[in-house]
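This document starts with one chain, in the form predicted alone, laid out as structure tokens.
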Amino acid sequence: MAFEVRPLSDVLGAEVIGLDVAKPMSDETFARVHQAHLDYLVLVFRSQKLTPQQHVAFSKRFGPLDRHPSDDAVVSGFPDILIVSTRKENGRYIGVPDGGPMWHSDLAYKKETALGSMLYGIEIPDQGGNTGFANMYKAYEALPMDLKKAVEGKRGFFLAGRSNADRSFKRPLNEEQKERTPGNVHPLIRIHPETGRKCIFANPQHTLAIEGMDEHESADVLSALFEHTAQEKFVYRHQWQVGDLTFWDNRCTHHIADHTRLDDPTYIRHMHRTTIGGDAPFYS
């Protein structure tokens, strides 16, 4: 199947033009898509028209799916599809309205973290709601030597942001969901299991402390690390279009959503997200 892969920036990201992911895909075509995902970290498939079944089927080509702890915010009949939406019914959000208010990697707090996520834009506002993506390969390669020494070989404690009482979300996890979502310890620097490259894995939404450091030193190192990873020179900001299916690599990118209009009742941003399961991060 002929299609074009066109870079979106010098940092990361490419748009895939002329490929309908709802249709059966040959192994040869899939291999090219897979390689493009490793090369560009974020792929945007333009002008898609996906049913939930088709969204799930394409996602599963990359591996078994994982589920967000907010299991009360999913598409009916499709528990693998998280609803990311500002729509309300009977005064209550039908999905997660404020996904990704801080830089993060999806499901980084699980024992086996996510390979990638596919977010499908169904209803897009005229303004706002863009997503920033940051390249953690480049961020690692540009680490100042003192900071690299401080984090190399260290592990951090990761917890779902919606489980952390110090952080406010419009739709937090309920107590049962929190009990099913314990924290885990992962390397701050990980080796990508497919490319073999080193990248920063710690992120401000889910990484709370560094193992073996006192509270103040840990906070100072993480603050410096997060300031470094959020520099614009590592970032591409995606302006959504209806029909975009955006697939990012959670192992070597961070992302953040623009929620500046979240409290505007006229602001509707409605999306479906699947997450492909991965493995436990390693550094050795």
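Residue numbers here begin at 1 and follow the sequence given. Because the structure is a prediction, the values reported are computed rather than measured.
Beyond what is shown, the protein has a form predicted together with N-oxalylglycine (OGA); the following relates to that form.
In summary, among the residues M136, A202, L119, I81, the only one with a non-hydrogen atom within 4.5 Å of N-oxalylglycine (OGA) in the predicted bound form is L119.
Checked against N-oxalylglycine (OGA) in the predicted bound form, the residues L50, A257, L222, V44 give one hit for a heavy atom within 4.5 Å, which is A257. Of the candidate stretches 99 to 107, 190 to 198, 138 to 146, 206 to 214, only 99 to 107 has residues whose heavy atoms lie within 4.5 Å of N-oxalylglycine (OGA) in the predicted bound form. Contact between Q177 and N-oxalylglycine (OGA) in the predicted bound form is not found at the 4.5 Å heavy atom cutoff. Contact between H270 and N-oxalylglycine (OGA) in the predicted bound form is not found at the 4.5 Å heavy atom cutoff. None of the heavy atoms of T181 is located within 4.5 Å of N-oxalylglycine (OGA) in the predicted bound form. Contact check for W248: a non-hydrogen atom falls within 4.5 Å of N-oxalylglycine (OGA) in the predicted bound form. In the predicted bound form, L119, N130, T131 are the residues of 114 to 140 with at least one heavy atom within 4.5 Å of N-oxalylglycine (OGA), listed from first to last.
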